[in-house]
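Below, in structure tokens: the form predicted alone, a single chain.
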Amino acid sequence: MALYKIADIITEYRARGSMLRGRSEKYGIGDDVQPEISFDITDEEIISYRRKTPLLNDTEREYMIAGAKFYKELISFGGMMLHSSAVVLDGEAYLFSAPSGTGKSTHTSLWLQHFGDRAFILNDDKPAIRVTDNGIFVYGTPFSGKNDISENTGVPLKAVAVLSRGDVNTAKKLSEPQAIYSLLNQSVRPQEPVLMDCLMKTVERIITDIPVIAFSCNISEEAVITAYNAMRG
């Protein structure tokens, strides 16, 4: 077992496969602290997961199981995973959430082109969000999608955009029920009632403090400007 600091939570797990071990490396810390989260990925779990994921290898299965376990534990720490690409601009995080293949990474790459050194990608697939005493923060995690773009840091959350493809760039603020649905639809939803209650409290705090917009866009510089203006409020 090794110790990692992910989303400011001391987390302990054993990374046997090269994928999980390699992506976890930048989050590693010393062994002189007590873990707040601890889990293991067993051979039995990997074997069971083979039936659901016939196109993956066991190294990839271990990585996915570890991510699912971490995000389930994260809920008890006032946190959630949001399937999104997180771009940081001037020290604040802007999240673009949508199903795979919609164009999240394509859009955030346009932010890097437009804003240059002012911007970087925090996590390109599954950033962690936490409600803390100091505000709502977004963190890079080892669970960073096929491109493995991730930074081991946390920054304040500025806004969330629910992204869709369109010919014209449009943005509008979502209603409270729409925002709740959109965030839950791209997150881990636990079966345990206690954890679901914790998750709902986190989501409600996020939509109270942070703008959540619907953003339809094409692939253009104008799309970046439209999103930025809407998310800045």
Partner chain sequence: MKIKEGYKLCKVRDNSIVIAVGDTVMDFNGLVTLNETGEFIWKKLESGVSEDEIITAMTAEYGIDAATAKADFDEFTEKLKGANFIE
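Computed from a predicted structure; not experimentally measured. Numbering follows the first chain given and starts at 1.
If you look for the form predicted together with the partner chain, you will not find it shown, but the lines that follow are about it.
Shown without its partner, this chain lists 26, 189, 165, 172 as candidates; in the model of the complex, only 189 has a non-hydrogen atom within 4.5 angstroms of the partner chain. Among 56, 37, 65, 207, the residue placing a heavy atom within 4.5 Å of the partner chain in the model of the complex is 207. The partner chain is not drawn, but in the model of the complex it has a heavy atom within 4.5 Å of residue 200.
Of the heavy atoms in residue 184, some are within 4.5 Å of the partner chain in the model of the complex. Contact annotation: residue 30 falls outside 4.5 Å of the partner chain in the model of the complex, judged by heavy atom distances.
Using a 4.5 Å cutoff between non-hydrogen atoms, residue 46 does not count as a contact of the partner chain in the model of the complex. Only one of 221-229, 5-13, 18-26, 207-215 places residue heavy atoms within 4.5 angstroms of the partner chain in the model of the complex, namely 207-215. Using a 4.5 Å heavy atom cutoff, 180, 193 and 196 all lie near the partner chain in the model of the complex.
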